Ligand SMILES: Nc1ncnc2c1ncn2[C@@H]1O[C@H](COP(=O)(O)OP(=O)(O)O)[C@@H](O)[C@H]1O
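Single chain ahead, written as structure tokens, the form predicted on its own.
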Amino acid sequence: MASVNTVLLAISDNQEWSDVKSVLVNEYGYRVLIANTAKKALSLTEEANIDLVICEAYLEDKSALIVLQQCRVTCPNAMRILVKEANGDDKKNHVAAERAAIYQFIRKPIDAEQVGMVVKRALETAELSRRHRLISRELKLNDDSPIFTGKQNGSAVADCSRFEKLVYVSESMAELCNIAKQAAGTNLPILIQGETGTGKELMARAIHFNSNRTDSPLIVQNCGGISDEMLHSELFGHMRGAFPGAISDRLGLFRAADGGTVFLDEISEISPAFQVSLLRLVQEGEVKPLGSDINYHCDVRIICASNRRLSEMVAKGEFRQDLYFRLKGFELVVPPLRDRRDDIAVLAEFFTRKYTELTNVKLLGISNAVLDRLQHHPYPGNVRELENEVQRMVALAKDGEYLTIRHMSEEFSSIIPDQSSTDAFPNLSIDGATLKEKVESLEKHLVKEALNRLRWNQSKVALELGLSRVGLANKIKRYHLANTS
């Protein structure tokens, strides 16, 4: 059975997909999201980490070809399958296969077992392709074989972990995402705290798409800078005539999201009066629209986010203690980027690939000089600031180039990286008569020093030295290095 982390997106307004979904979920163990419109499908590809897309040839609101082409940008690693009519136009299908890089066609009538087998083979192909990229990078091979012609992307994203759209390699983020995955399986409220730009909304969306509420809506509401009356109307709804301008009844986001999730951003900005109203919802699951005498029950999972520490606000009397304890069923604190610098390189590669796909530019990779400067920036804007810088560099780059210092903004290009690491071996004597022997001697000392300094944590050493785990293991074996601690 496949990992439940494998996510499939089926795009169809046809009811017969319920049988297919049953087979894919029960027999193969995949998670399946179904979208009945192109708009909803493209929204899901922006929010969830999709591994494979199956799309009907005909949709009411947009051409399937256009949808699959956009999926190629929003989720470039996802395999794409097109379901076509039995008597479909083969010429058009050929064009679709080229433009949207479709892996396989499936003809109607749909057979659930056939779909399951095609999906399984497609995912196996995707995994083989991923491993090929990693091995090619390690062995410095080129994709010049005829079977790989037609696609030469920029550098492959480093072997990293993902929680939907969150990308990371650092231990702090790995621990946080493991807790978040466990929290997703419960119905407890979740409080996400962290500085602006750290990815709190991405974390909330990842939790929703890993919960049992995936088939119900996720609705987002920013609570900052909104009056109590307007916020009450947005979240709880109102009746016609409840206030000037209320010309019709409004359901409210909590009732609209019944069975799903409501994400309240900047929860620290709500007034003490509104905190009382929110407390009743959290405690009783009831909402009372403005102008109504009736309480309505709604089943929603609340996820809140704040860039201010609520515990400090409670201590100052700025936030209700009882509401704070109700909201923090699970409390997740997303660390700032400056405290998890291990993630900078993989995020830079991830954003580079994302924006090269969007602009259709083929880059060779990121120079070490750029990575050095990215590593030494303080990032007051966190991940969002890094993404903006990479997006700017890609916009200035041309086909066939590396991202270099000349593509960086002045704020980043003027950074002088710390050179202290070059003085780590002041008394090092390099052995060997030839240049090759001297280089090997220096390499041995560098690998050995990094292993000892990082207590033989091979994942950290490989990341620091720019090697894969396999490459590092080969060097340990080659130089007969041993852990003597």
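Don't overthink the numbering: it's just position in the shown sequence, from 1. Just so it is clear, the structure is predicted and the values come from calculations on it, not from any experiment.
The same protein also has a form predicted in complex with this ligand, omitted here; what follows describes it.
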**OP:** Report yes if any heavy atom of Glu269 sits within 4.5 Å of a heavy atom of this ligand in the predicted bound form; otherwise report no.
**Re:** no
**OP:** Classify Thr186 as contacting or not contacting this ligand in the predicted bound form by the rule of any non-hydrogen atom within 4.5 angstroms, answering yes or no.
**Re:** no
Original post:
His297 near this ligand in the predicted bound form, any heavy atom under 4.5 Å?
Top reply: no
Original post:
Does this ligand come within 4.5 Å of any heavy atom of Thr198 in the predicted bound form?
Top reply: yes
Original post:
If we take heavy atoms and a 4.5 Å cut-off, which stretch out of 379-387, 101-109, 77-85, 357-365 is in contact with this ligand in the predicted bound form?
Top reply: 379-387
Original post:
Just one of Leu347, Ala257, Ala180, Val115 has a heavy atom within 4.5 angstroms of this ligand in the predicted bound form, so which one?
Top reply: Leu347
**OP:** Counting non-hydrogen atoms within 4.5 angstroms of this ligand in the predicted bound form, say which of Arg72, Arg250, Arg213, Lys165 makes the cut.
**Re:** Lys165
